[in-house]
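Encoded as structure tokens, the following chain is the form predicted on its own, with no partner shown.
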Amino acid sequence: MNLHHIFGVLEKSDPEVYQRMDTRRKALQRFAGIGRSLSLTALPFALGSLFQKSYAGTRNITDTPVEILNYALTLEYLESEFYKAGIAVGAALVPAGAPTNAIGTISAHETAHVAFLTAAIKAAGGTPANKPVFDFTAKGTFATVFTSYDTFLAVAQTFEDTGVRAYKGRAAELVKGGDLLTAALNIHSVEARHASHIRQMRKANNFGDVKPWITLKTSGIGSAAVQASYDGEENTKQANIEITNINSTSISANAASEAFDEGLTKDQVLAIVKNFIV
């Protein structure tokens, strides 16, 4: 491993790198010592650890942890109230049996998320955001959301897919958040399971040509109104490495995009959510 080359590249991309890692000499000395005690295969992980310590929490973050939690709380309000409204309609909307049980379980999860985030914000000395007044028709775009099972599941998919990307997009801002980061990631993984299950429910009812994951930037919903929730998912590069046909393998753009989820920024998520707020 040519450390001089690695640090040379870093210096070109970030002139302040040595302010983060003491000095070039100290950084090299530190890795020289590590290299004597670690196997070659372990060195990349040690290098990553140093960079994590050097760069954690330096991504132009302006929101406080409480503000980030309130942002998440607003998303959870949206999902929680949506499922409650759907359940209130009853069997006229969601078929009895497995579909009703699934929606009931997801609803309970979202309610638990709201309760947790509310408690966490108060424990951190903050004030939980007020619950908005929602318009789940998106100002008439989904007028049949509570009369058509197809539309209901399509909107549910949009909310869940957006939630997954929203948590991913801001997790780095809680990198020093300890338990808060752990909790956010715990919620993120559950939202991903919700998204997958809703998609399978749509597939089972022939409500869309969808998979349990997102392919390129296709929603499988057939409405431009939800496209903002999927734009960017067509990315086939990770850490500036092109995944398509990597190492001469036959990996398609579809497979490359499906293998990785992309985050959404705060502004992107708020622009999506505002369409469902009165």
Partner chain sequence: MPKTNPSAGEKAIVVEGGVSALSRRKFLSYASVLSGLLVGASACDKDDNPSTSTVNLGSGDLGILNYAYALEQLEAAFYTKVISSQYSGITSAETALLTDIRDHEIAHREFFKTALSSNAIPALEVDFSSINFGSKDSVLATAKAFEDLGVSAYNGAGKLITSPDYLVLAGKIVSVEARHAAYIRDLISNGSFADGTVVDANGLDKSRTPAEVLAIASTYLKTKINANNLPTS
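Numbering follows the first chain given and starts at 1. Given the structure is predicted, the values throughout are model-derived calculations rather than measurements.
Keep in mind the form predicted together with the partner chain is missing from the figure; the text below concerns it.
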(message) Suppose contact means a heavy atom within 4.5 Å; in the predicted complex, does that hold for all of F116, V164 and K211 with the partner chain?
(response) yes
(request) Verify the contact flag for A124: yes if a non-hydrogen atom of it lies within 4.5 Å of a non-hydrogen atom of the partner chain in the predicted complex, no if not. (result) no
(message) in the predicted complex, is there a heavy atom of the partner chain that lies within 4.5 Å of any heavy atom of L75, even though the partner is absent here?
(response) no
(request) Spell out, yes or no, whether the shortest heavy atom distance between S196 and the partner chain in the predicted complex is within 4.5 Å. (result) yes
(message) Within 4.5 Å, heavy atoms only: does R202 come near the partner chain in the predicted complex?
(response) no
(request) Could you spot which one of A192, V94, A138, A120 gets a heavy atom to within 4.5 Å of the partner chain in the predicted complex? (result) A192
(message) So if I measure heavy atom distances to the partner chain in the predicted complex, which of the stretches 144 to 152, 126 to 134, 98 to 106, 80 to 88 falls within 4.5 Å?
(response) 98 to 106
(message) For the stretch 250 to 271, I need every residue with any heavy atom inside 4.5 Å of the partner chain in the predicted complex, listed N to C.
(response) I251, A255, E258, A259, F260, D261, E262
